[in-house]
Structure formats: structure tokens, C-alpha cells
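This document opens with one chain alone, in C-alpha cells, the form predicted on its own.
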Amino acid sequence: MSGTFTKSMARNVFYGGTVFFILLFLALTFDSMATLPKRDNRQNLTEEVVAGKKLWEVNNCIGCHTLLGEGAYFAPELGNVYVRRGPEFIKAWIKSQPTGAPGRRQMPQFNFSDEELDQMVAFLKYMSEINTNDWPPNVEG
């Protein structure tokens, strides 16, 4: 019988593996659910941030930009733009689009009101404060 793998043995491996991976999945899910409140910045979620997120979605910003590594790679990652550039730069940049610089990709003019610009900045500030455990990695050096 050595070297023979019976149907019974195969079934036991299948069921044992299935149970093992279900338990592993449940353990990882529980760990994620316990860890997220400590890292996701939900205590700073305001109506202004929610309105900024809605602007982000309605205007399909993720169609060009990445945010925390998710989205298109046509335009810069914006997960840390608030930290790098600050609120006034962000507002001025959005207002000045498109720049018309030859040979450069151009962001459309969204004609945001001052309130909408503040909402977008609030959303980008919120996103910059999420503890991402250094993801995505900084590949610029």
C-alpha cells in the first residue's frame, strides 16, 4: 500500500485543507476587523470629508490619479499630496487647470466652488492621515 493514494486519502486531504483554509480566512478576517479601527482614521471622518469623497467619485478623479495605490497611473498618486504640498497649493493647482503647458498631461477644469475646494482638501487631508503601514511604498527614493 505504500505509494498508493486512495480516494479516501484524497478526500481527507481535500476536507482537511478546506477546513484549514476556512479557519485561516476567519482568523485573518477577525484580525483585520480588530486592527482597522486603530489605523483607518475613522474618528476624523466629517461631513466635509464625505462631501470631498463624493466630489472625488463624481468627477472620476481615480480615473487618472491613484489614491493609496488604487486607481489609474495617468496622473500622480495623491495619498500624501496634502502633506507634500499643503491645502493652499492643492486649491490653487485645481483652480489653474488646465495649465496649457506644452507636452504635459492636462487635468480638466472642474470649476469647483471655494466650498468644494475645501471639501476636496479635507478629503485629501483625511486620506493622508490614514495609517497605511507605509503602503504604497515610496519608490522615488
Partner chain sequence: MQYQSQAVAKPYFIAAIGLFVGQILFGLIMGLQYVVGDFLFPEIPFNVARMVHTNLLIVWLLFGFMGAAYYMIPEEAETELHSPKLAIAMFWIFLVAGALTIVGYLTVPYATLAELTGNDLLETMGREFLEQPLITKVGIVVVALAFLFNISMTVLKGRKTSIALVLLLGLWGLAVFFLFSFYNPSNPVLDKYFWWWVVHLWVEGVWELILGALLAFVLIKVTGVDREVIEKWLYVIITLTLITGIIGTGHHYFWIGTPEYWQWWGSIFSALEPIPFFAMTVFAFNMVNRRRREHPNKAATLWALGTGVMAFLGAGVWGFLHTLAPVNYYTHGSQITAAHGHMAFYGAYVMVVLCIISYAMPVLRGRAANSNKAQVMEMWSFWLMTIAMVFITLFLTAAGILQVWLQRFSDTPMSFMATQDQISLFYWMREWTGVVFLIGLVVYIASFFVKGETRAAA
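Residue numbers count along the first chain shown, from 1. For clarity, every value in this text was computed on a predicted model and none was experimentally measured.
The form predicted in complex with the partner chain exists for this protein as well; it is not shown, and the discussion that follows is about that form.
J.: I'd like to know whether V83 contacts the partner chain in the predicted complex, with contact meaning heavy atoms within 4.5 angstroms.
T.: Answer no; every heavy atom of V83 is more than 4.5 Å from the partner chain in the predicted complex.
J.: May I ask you to state whether K53 is within 4.5 Å of the partner chain in the predicted complex, using heavy atom distances?
T.: Yes, K53 is a contact residue.
J.: Is there any non-hydrogen atom of M120 lying within 4.5 Å of the partner chain in the predicted complex?
T.: No, M120 stays farther than 4.5 Å from the partner chain in the predicted complex.
J.: Would A92 sit within 4.5 Å of the partner chain in the predicted complex, counting heavy atoms only?
T.: Close contact is absent here: in the predicted complex, A92 is far from the partner chain, nothing within 4.5 Å, heavy atoms only.
J.: Just to make sure I understand: among 18 to 53, which residues lie within 4.5 Å of the partner chain in the predicted complex, judging by heavy atoms?
T.: Counting only heavy atoms within 4.5 Å of the partner chain in the predicted complex, the contacting residues of 18 to 53 are T18, F21, I22, L24, F25, L26, L28, T29, D31, S32, M33, T35, L36, R39, D40, R42, L45, V50, K53.
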